[in-house]
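Next up: a single chain in structure tokens, the form predicted alone.
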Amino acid sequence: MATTQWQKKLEIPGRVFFTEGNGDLSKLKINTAWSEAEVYLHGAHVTHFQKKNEPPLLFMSQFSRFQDGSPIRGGIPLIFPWFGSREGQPAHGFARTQEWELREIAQSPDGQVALRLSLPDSPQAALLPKFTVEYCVTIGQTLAAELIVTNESKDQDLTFENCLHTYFQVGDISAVSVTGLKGVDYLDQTENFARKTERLDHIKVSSETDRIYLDTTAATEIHDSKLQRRIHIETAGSRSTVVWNPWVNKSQQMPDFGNEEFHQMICVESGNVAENKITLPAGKKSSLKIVLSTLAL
């Protein structure tokens, strides 16, 4: 990977610089007074965020592929313009396997660092009504990410699904619970999308779990008694929350995921999928944002 002059001009000495990532892919390393982070241009993918004197916030598979055309396994994959599988098309859309364009790096007076990236034009994007996508990542005491879709068409609606498919690092899945979803209807993908209602305050994972919680805007939390921390997930512009852990059999079927890695991760994803997909009128804009913070348990 050769750093371009344009990239060099964007770097902030002591704070943000380009480096060669895995698979010779371009990677940004960010350091603030409170935390460190890494972001790949491939998929505009946040692969690391860690506050000082804390374990990493994000889980990354040791078997992840870092190559053109393949998604990165772990961190925060960007899901757009569809969620899940689609015949003849890449799973979870094309945004997570494209090289995004870095537009801006800025440091605020309080020391936070913000990156702004945009999704480039592509043959797949050309099949949809004209649109633009920007992604803003802010690193500081918290990790914030905002996906902004604008329908640039003059007369066509743009219908899409989006999701920030966040993989969280946990001490052991058996010592973890997720809160904030009691009373919410969900689609159970392990049972052919059966519709159910969440009855528990604290959701525990003890088998393959793949649920799409619908019509919920509430904040969620991951309680991790082994790492003695709470991960707080605040959202805006999100009406769906997906909770996923592949467990034993599914882990063994994924070549870019270790057989035992399900013990150290849980996905709590924020977005608008299934019945909550977005239909954006011509000229309108949609924003999906998460703010991730950690607290002592």
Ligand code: TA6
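Numbering starts at 1 and runs along the sequence shown. Predicted, not measured: the structure shown is a model, and the values here were computed from it.
What comes next is about the form predicted in complex with the ligand, which is not displayed.
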*asked:* Does any part of Glu198 reach within 4.5 Å of the ligand in the model of the complex? Heavy atoms only, please.
replied: no
*Might Ala91 be said to contact the ligand in the model of the complex, defining contact as any heavy atom within 4.5 Å?*
yes
*Would Glu134 show up as a contact with the ligand in the model of the complex if we use heavy atoms at 4.5 Å?*
no
*asked:* Check Trp244 for me: does it contact the ligand in the model of the complex (non-hydrogen atoms, 4.5 angstroms)?
replied: yes
*Decide if the three candidate residues Arg73, Phe83 and Gln189 all line the ligand in the model of the complex, where lining means a heavy atom within 4.5 Å.*
yes
*Scan Glu161, Asp210, Glu99, Glu221 and let me know which has any heavy atom within 4.5 Å of the ligand in the model of the complex.*
Asp210
*Could you tell me which of 170-178, 142-150, 199-207, 83-91 sits within 4.5 Å of the ligand in the model of the complex, going by non-hydrogen atoms?*
83-91
